[in-house]
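Shown below, as structure tokens, is a lone chain in the form predicted on its own; questions about how it binds or moves come after it.
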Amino acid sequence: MAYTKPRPNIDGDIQPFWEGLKNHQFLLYRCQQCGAWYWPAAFCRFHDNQPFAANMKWEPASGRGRIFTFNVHHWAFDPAFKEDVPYVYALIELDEGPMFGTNIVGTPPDQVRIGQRVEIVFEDYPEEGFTLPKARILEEAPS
């Protein structure tokens, strides 16, 4: 079945991130001088940077974090998503520090909670040439 939803906007600056996803690697931008992680790609804010971001590099990250906030969509903002409602869009505070927004999959919307641990999973569309990052809730041990 053909992918009929809006396609990701992949330009040269973000291409390494999308290539990583195709290989089921979650990449973040990292400063080679101080180790700070970034999403989206940016210059490091903790010190002077080298020209053309030479001190920054895409590196594999854990792809894990906690739900910082979320909303449940009951109405599709684009007709292409009408079969998906209701769906959960969440802002994930990654273990490395940056925030990353994506959909929560595999859990009914009424069971999603702030603070739940999640991990990035990969939704492949090889015929379209891209993979989408989604998040699934991890089982947490009872306290």
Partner chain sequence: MRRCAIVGMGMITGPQPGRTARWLEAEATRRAIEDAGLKPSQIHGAIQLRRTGGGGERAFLTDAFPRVLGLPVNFYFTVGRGGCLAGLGVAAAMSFLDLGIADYVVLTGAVDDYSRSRETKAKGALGMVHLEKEGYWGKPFGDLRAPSHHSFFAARHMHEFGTTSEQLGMISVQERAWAQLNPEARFYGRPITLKDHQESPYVVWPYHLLDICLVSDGAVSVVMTTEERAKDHPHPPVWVLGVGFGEAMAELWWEKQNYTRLAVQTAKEQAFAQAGIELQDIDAAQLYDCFTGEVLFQLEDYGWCKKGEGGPFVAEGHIGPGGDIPVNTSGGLLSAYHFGDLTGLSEAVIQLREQAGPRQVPDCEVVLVTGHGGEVLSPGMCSIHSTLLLGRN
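Numbering follows the first chain given and starts at 1. Everything numeric in this text was worked out from a predicted model, so none of it was measured.
Although it is not shown, the form predicted together with its partner chain is what the next lines describe.
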From Asn49, Gln33, Thr107, Thr102: within 4.5 Å of its partner chain in the model of the complex by heavy atoms is Thr102
So in the model of the complex, is its partner chain close enough to Pro40 to count as touching (4.5 Å, heavy atoms)? yes
Interface membership of Trp18, its partner chain in the model of the complex, 4.5 Å heavy atom rule: yes
Glu93: touches its partner chain in the model of the complex, heavy atom cutoff 4.5 angstroms: yes
Find out whether any non-hydrogen atom of Tyr87 is located within 4.5 angstroms of its partner chain in the model of the complex, and reply yes or no. yes
Joint contact, His24, Pro60 and Leu138 to its partner chain in the model of the complex, by non-hydrogen atom at 4.5 Å: no
Sequence-ordered list of residues in 54-80 near its partner chain in the model of the complex, where near means a heavy atom within 4.5 Å: Phe68, Thr69, Phe70, Asn71, Val72, His73, His74, Trp75, Ala76, Phe77, Asp78, Pro79
